[in-house]
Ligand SMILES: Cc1cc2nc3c(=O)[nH]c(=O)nc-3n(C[C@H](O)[C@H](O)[C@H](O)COP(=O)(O)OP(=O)(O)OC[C@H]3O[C@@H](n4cnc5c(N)ncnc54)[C@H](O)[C@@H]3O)c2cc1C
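Given as structure tokens, the chain that follows is alone and in the form predicted alone.
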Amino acid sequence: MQTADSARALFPGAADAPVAATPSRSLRSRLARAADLFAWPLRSSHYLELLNPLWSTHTTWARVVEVRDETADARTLVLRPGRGYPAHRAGQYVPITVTLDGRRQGRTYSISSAPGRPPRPGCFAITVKHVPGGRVSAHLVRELRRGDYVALGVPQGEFVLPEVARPRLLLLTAGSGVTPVRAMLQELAVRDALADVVHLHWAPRAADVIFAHELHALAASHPGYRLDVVTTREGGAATVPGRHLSAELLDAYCADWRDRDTYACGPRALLDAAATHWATHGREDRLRIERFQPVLAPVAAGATGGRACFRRSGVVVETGAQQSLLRAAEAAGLAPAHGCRMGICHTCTVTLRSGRVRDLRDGRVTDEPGARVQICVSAVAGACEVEL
């Protein structure tokens, strides 16, 4: 399989090759199956990939057609996927896979453009913030160039706009949590539905606001969209008191928050505070949250880790009660398939052959042989053997 960089090196100009008219899907499928008979043990798709990665059907590739810096540590990548790629809904995310040092590394990123929205027809954008110590985010923000390729999963997620023509919304975002909300705002603007939307965005400083120019321009051109940027670090201060989400701050910026559908996305502290506040006032049903990290249950007293056996790899390791099987496998030098690392995308799901594992999100123990478990949010509970 081609890596993002090797695909670019092996196929110079391939993405610019003309795309011929295609026959109907059913005829194309029959022709592909016939061609596969001659391509064995590979598939005809592997040879099409040599001509143009976007023609591949066994892997969905996307070509980077534009790279745009948003802030000092955030970059927007405009991606052109191969034909037949499904449309997304504003607010959804997409699994992205790159190969680093010979290992496939996957993460999920919110799509930061509305469906059918420019900058380019047939493309969509993701906006990535560099996470200190994060190899994938560093690669996407610092190293990926126009003409490179990344592998895609399909759009996923339920953090989407309500089925209302002109919704009354409160948007709470911080940092890169603004990325799915930006797609929502674009869609509402196209639909002329930015009639009553309040948006509170937190950032350390004004210079750290992703999409700052676009958001302020949107507020200037749409009276129904009110943007308030709350900076939490000014003048060199570590933290400005009273600038984080609280009942007082919320009442000051949006007194009618109880009557709005609220969407929140950002760091754990913001989302936990929002969840607590809405639950305290009996408004949980009006709050929708998109998290970039899993919510983990407290580890029960006396809980232990144990021995994890990765069956196909022949690797056995000792793990702690709070160490996920994914982290244990990576520490042992393995490279399991994974995506979100928080139990959403199911890319890392494997079969439990024997033993017990504990779900780190809720403490639930699974001990049935043949059960499917997500290794990014599962830890050993005594001992286990998984198909990996």
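Numbering starts at 1 and follows the sequence shown. No experiment lies behind these values; they were computed from the predicted model shown.
Here the subject shifts to the form predicted in complex with the ligand, a form of this protein not shown in this document.
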Tell me, which of 135, 311, 277, 244 has a heavy atom within 4.5 angstroms of the ligand in the predicted complex? 135
Just give me the single entry in 321, 334, 342, 65 that has a non-hydrogen atom within 4.5 angstroms of the ligand in the predicted complex. 342
Which single stretch, out of 81-89, 251-259, 126-134, 161-169, brings residue heavy atoms within 4.5 Å of the ligand in the predicted complex? 126-134
Any chance residue 148 has a heavy atom within 4.5 Å of the ligand in the predicted complex? no
Using a 4.5 angstroms cut-off on non-hydrogen atoms, would residue 202 count as touching the ligand in the predicted complex? no
Would residue 109 count as a contact of the ligand in the predicted complex, using a 4.5 angstroms cut-off between non-hydrogen atoms? yes
In the predicted complex, does residue 187 come within 4.5 Å of the ligand, counting heavy atoms only? no
Which residues from 318-333 come close to the ligand in the predicted complex, meaning a heavy atom within 4.5 Å? 327
